[in-house]
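Given as structure tokens, the chain that follows is alone and in the form predicted on its own.
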Amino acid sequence: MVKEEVRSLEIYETGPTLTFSMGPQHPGTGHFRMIITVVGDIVVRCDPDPGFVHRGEEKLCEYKTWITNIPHLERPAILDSAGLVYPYVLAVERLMGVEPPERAKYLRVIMAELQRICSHLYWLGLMGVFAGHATMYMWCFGDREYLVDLTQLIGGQRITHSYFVPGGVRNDAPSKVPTELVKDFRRYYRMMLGKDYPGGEVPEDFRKYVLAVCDFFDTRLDEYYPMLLDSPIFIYRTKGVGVLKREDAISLGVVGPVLRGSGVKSDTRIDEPYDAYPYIKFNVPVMDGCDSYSRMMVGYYEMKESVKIIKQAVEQMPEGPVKLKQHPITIKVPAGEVFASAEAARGQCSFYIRSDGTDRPYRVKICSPSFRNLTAMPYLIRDVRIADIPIIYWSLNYWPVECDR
């Protein structure tokens, strides 16, 4: 005879507050946990608890060579792998005292801006989901495919490319685009814009194809605005929510669209220009609303600016070599220390590197944009309703893996 187990339920007296764990989970916070304390549905305290993934990237750099560090350094932010590895390559080049060929500088800029758009589309699409606008998710991820295809054409892989190397880029861009990709783009163009591509035939020449995709995407961005960003639901959910005033943004040390959404015009591409950025004209979008809506609008306008940058870079890119001659694995870097920054999709990403003159770094320290923006989270997620947590969280475009490093 089976004896029935009687289980008792204990009830704890918690007083007027309730504390619970939010995350780690997918979808939502991803590999990230917040400990939330509420009174009713009002948040009175938020304690971020990062560190669930990828701790050890910096230490790993001491065991791999200068070149074999590149693939794993892309992993903390795979959807913006070029933006994250960019400052590492700049730092190594400064230690070596070398400068990449002119064509490589433009190819790096094209790749970095393509990945900025891909990353922002991911951000905007998921924000649409959490604001109750699933159509935005579908549009962003559908259009993103053709930009990911471009990164694959250039770098050989869809997401992580290991394309940037000290002294240039791994390979040149192709001169011709595969016919199947051109046909697919032509079909998608007709489906989304309701008309055929002007002139009927999409060019197979690489430069002309990139310009065609940029023009198409710029038109699509114009359609995003009334569909999501001017939508009464989206405005109601984001305006006045998660307000980060200008002086607080500066005090907390946030970077990227979070900082620019609080009215601060700061961008590493302008403040400390590198590679081909000094030769390209573009604007730095800034919004002074200081709320979740402003941060999303900065991301939206940045995609338009990235389109401008890519088109100029493709037009201006000279012929010539794309990398300096060097052994691919066992380069030795002169002893010394260096600090270098680049503007990744989420903001300024910096590397401090010390070399002892061998074929691998002695020490590497990474300051990623998500790490910098984490400071704003407990500040913003308080005195708000529980329903506003996902909106504020995604408006920061926080990427847990990038922060954990």
Partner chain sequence: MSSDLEKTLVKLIDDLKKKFGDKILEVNLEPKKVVKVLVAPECVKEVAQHLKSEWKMDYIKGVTGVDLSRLPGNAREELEVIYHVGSLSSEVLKSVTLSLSTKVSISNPVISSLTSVWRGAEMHEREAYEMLGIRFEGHPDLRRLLLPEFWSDKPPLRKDYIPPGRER
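Residue numbers count along the first chain shown, from 1. Quantities reported herein were computed from a predicted structural model and do not represent experimental measurements.
In what follows, reference is made to the form predicted in complex with the partner chain, a form of this protein that is not presented.
Engineer: Contact between residue 265 and the partner chain in the predicted complex at 4.5 Å, heavy atoms?
Structural biologist: Within the cut-off, so yes.
Engineer: Counting only non-hydrogen atoms and a 4.5 angstroms cut-off, does residue 253 reach the partner chain in the predicted complex?
Structural biologist: Yes, contact at 4.5 Å.
Engineer: Answer with yes or no whether residue 48 is in contact with the partner chain in the predicted complex, where contact means some heavy atom within 4.5 Å.
Structural biologist: So residue 48 counts as contacting the partner chain.
Engineer: I'd like to know if residue 145 sits close to the partner chain in the predicted complex, meaning any non-hydrogen atom pair within 4.5 angstroms.
Structural biologist: Contact with the partner chain, no.
Engineer: Exactly one of 223, 248, 218, 196 has a non-hydrogen atom within 4.5 Å of the partner chain in the predicted complex; which residue is it?
Structural biologist: Checked against the cut-off, the match is 248.
Engineer: Heavy atoms within 4.5 Å of the partner chain in the predicted complex: which stretch among 207-215, 232-240, 183-191, 265-273?
Structural biologist: Comparing against the partner chain in the predicted complex, the contact stretch is 265-273.
Engineer: Scan 334-373 and write down, in order along the chain, each residue with a heavy atom lying within 4.5 Å of the partner chain in the predicted complex.
Structural biologist: Going through 334-373 in order - heavy atoms within 4.5 Å of the partner chain in the predicted complex - the hits are 337, 338, 339, 348, 352, 354, 356, 360, 362, 363, 365, 367, 371, 372.
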